[in-house]
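Below sits a lone chain in structure tokens, taken as the form predicted alone.
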Amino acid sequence: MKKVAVLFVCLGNICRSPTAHGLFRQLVAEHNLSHCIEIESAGTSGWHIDEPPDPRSVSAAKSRGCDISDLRGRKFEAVDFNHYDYILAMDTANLDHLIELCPAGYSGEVKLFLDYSSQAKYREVPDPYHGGTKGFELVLDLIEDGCNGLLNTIKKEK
């Protein structure tokens, strides 16, 4: 399998995208594919550069056996298009921002992360930042499902 690079993107890179980063990293490791799938996350804003994920995201992920405390926020940069095969937005606002920046001729995928989900109720991963614990649990449910679909797609395509 050719090395594949995946970038998860949300607004601040402290809730949704680091959760996807951590859960997908764990899933990829469980399938012994860490050597051929690179995973990163970023935010379209620069608000939380070098900051750890939101403590509620860390706690929620840990409750499902996934440690994301080592991740640090970074801002999405246009040069990311030169490296990543899959650039996956958590919601349509961030997807629109990515599409605006996308250079002509980019051969990878720029799409909504939940396009890989098996459920049909949610098209976007809702931002849990201003909500309570249930919001973080929903985010985990959606991301776990999307990660499974993404891994299956990568395994089929690459």
Ligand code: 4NP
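Because the structure is a prediction, the values reported are computed rather than measured. The first residue of the shown sequence is 1; numbering continues from there.
The same protein also exists as the form predicted together with the named molecule; that form is not shown, yet it is the one meant from here on.
At a distance threshold of 4.5 angstroms between non-hydrogen atoms, residue 20 is out of contact with the named molecule in the predicted bound form. Interface residue remark: residue 127 is counted as part of the site for the named molecule in the predicted bound form, having a heavy atom within 4.5 Å. Residue 15 belongs to the set of residues with a heavy atom inside 4.5 Å of the named molecule in the predicted bound form. For the chain shown alone, residue 10 is a contact residue for the named molecule in the predicted bound form, at least one non-hydrogen atom being within 4.5 angstroms. Remark: of stretches 96-104, 62-70, 46-54, 29-37, the one touching the named molecule in the predicted bound form is 46-54 (heavy atom within 4.5 Å).
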